[in-house]
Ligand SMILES: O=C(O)[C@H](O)[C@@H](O)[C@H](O)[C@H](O)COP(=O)(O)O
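Given as structure tokens, the chain that follows is alone and in the form predicted alone.
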């Protein structure tokens, strides 16, 4: 199989490599000449066999819409576009309509795995028509982790469903990170009793009910910087947490834990909190997200 990949940043570049490692031929396009395979989208379309499959992996919002508009101009009836970025699910139907005017098919796919996806595989949540999902299954199988398909891939529903599932996934992720971080801060505040905070988290990795990949990444972060001296307790949010809460309000579904986790991130931008240092470190560990350096190594 031969596909196009638009967007070769932190995630896209790793995805291109994983696809190639698993036997998928990939022609990638990115405005950065250092990483692109072709000079422009027209050349990308020309390089692909028809009917084409093009995976879009660019930042959500205006950038995604711009790429959808540009790619509609170079693709043809019967081609398939998959938006694998963190788009809000509400833009998927308009994008599908835009492409559909030319007979171009559209699917959306929530992707989780961050910078570790190249080695470990990506969790995938797809939305779209069954025939389109089946057509792209070799791509999904190459990207997902080894093992049973249903443990790393799901066809959630129609267009928009994949990004909706990813939105909820990230809302849960916010809450899990916050809980781990608050546990860290509480034990760190009682060092007269808890002499090895990092060791406690390390000991929780097997057998306990809170064992998880996020816990493993917190252990990794603590080993690298036990007191988080080199990182500020400032945590951004990329949108999905807010969207999850907005959906909860629209459907009158109580989400107290997820809501509290997003508010805690707002607090982090006002004060330098040990818990927020832990969250910032976790985001850096699992996704390669940038962290703000502590001033003079003092965390202030």
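Nothing here was measured: the structure is a model prediction, and the numbers come from that model. Positions refer to the first chain, counted from 1.
As for the form predicted together with this ligand, it is not shown, yet the points below apply to it.
Partner contact region in the model of the complex: 105 to 113, out of 105 to 113, 141 to 149, 180 to 188, 197 to 205, criterion any non-hydrogen atom within 4.5 Å of this ligand. The listed set 30, 247, 237, 272 contains one residue whose heavy atoms approach this ligand in the model of the complex to within 4.5 Å, identified as 237. 169 is the sole member of 155, 88, 169, 135 with a non-hydrogen atom within 4.5 Å of this ligand in the model of the complex. By the criterion of a heavy atom within 4.5 Å, residue 173 is counted among the residues contacting this ligand in the model of the complex.
Within 4.5 Å of some heavy atom of this ligand in the model of the complex lies at least one heavy atom of residue 265.
In the model of the complex, no residue of 194 to 220 lies within 4.5 Å of this ligand by any heavy atom.
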